[in-house]
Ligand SMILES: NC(=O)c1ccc[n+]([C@@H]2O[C@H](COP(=O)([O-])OP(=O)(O)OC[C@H]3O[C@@H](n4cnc5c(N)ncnc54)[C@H](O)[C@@H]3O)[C@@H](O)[C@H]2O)c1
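Here we start with a single chain on its own, the form predicted alone, put down as structure tokens.
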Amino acid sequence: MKIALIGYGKMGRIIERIALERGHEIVCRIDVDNQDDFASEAFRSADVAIEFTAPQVAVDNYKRAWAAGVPVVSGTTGWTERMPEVRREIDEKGYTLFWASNFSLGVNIFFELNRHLAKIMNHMTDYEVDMTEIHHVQKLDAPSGTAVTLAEDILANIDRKDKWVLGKAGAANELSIEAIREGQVPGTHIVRYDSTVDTLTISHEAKSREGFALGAVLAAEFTRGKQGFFGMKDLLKF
């Protein structure tokens, strides 16, 4: 399979290595200094583009890739207020986007555990729920896209919570998310249910970026030849 990379930082380089190990070809690498390559013959030859960049440029990257006839797999977070616009273009124009807030297979299992636990804890009103996420200092968005996904699943299943807030909750209906930026932490997410008698905690700790990169390449393999909007539930068949 021919893959184009949009964003050639640490993640892009790890994705490149894993893609090559799996027998794929990297036909184009686009970063901040060669944006004109979206119009190149090499980019247009790609079966799929894998995009890991920044929130403020992600949607424009999708549109430039689609204009070249290239489906996109993206792990960029922090732009999802524009999701209705993106989904509308996909539906109306037949584009393809596989997007995930986190490509780690372990994190997506964690998502399922979080949803199931929230359903159980909906009736356990003595427990207060909050979240903590920890990432490397280069991470631009806070809270992380993964934390937002976890929070939205909690809100969907716990009636006493109807909004998340970054920092300390100021009201009983708010779900607190603490975002910590330190060192080179790949990503740690903690969901905590606390009562006067005990604390119940589930967590996921990434050991490196390798798991995210592998998931992105698996998503690219899944996406080739498909049309529409996809996510990790489609890939993992949850």
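Bear in mind that the values here come from a model prediction, so they are computed numbers and not experimental data. All residue numbers are counted from 1 along the displayed sequence.
What follows is about the form predicted together with the ligand, which we do not show.
Among residues of the shown chain, Phe43 is not one whose heavy atoms approach the ligand to within 4.5 Å in the model of the complex. By the criterion of a heavy atom within 4.5 Å, Phe98 is excluded from the residues contacting the ligand in the model of the complex. Using a 4.5 Å cutoff between non-hydrogen atoms, Asn173 does not count as a contact of the ligand in the model of the complex. Among residues of the shown chain, Asp141 is one whose heavy atoms approach the ligand to within 4.5 Å in the model of the complex. Residue in contact with the ligand in the model of the complex (any heavy atom within 4.5 Å), chosen from Asp194, Asp31, Glu205, Glu178: Asp31. Using a 4.5 angstroms heavy atom cutoff to the ligand in the model of the complex, none of Phe111, Thr149 and Asn157 count as contacting. Stretch-level contact analysis of 32-40, 65-73, 165-173, 195-203 against the ligand in the model of the complex, using heavy atoms and a 4.5 Å limit, identifies 32-40. Of all the residues from 207-228, those having a non-hydrogen atom no more than 4.5 Å from the ligand in the model of the complex are Arg209, Phe212.
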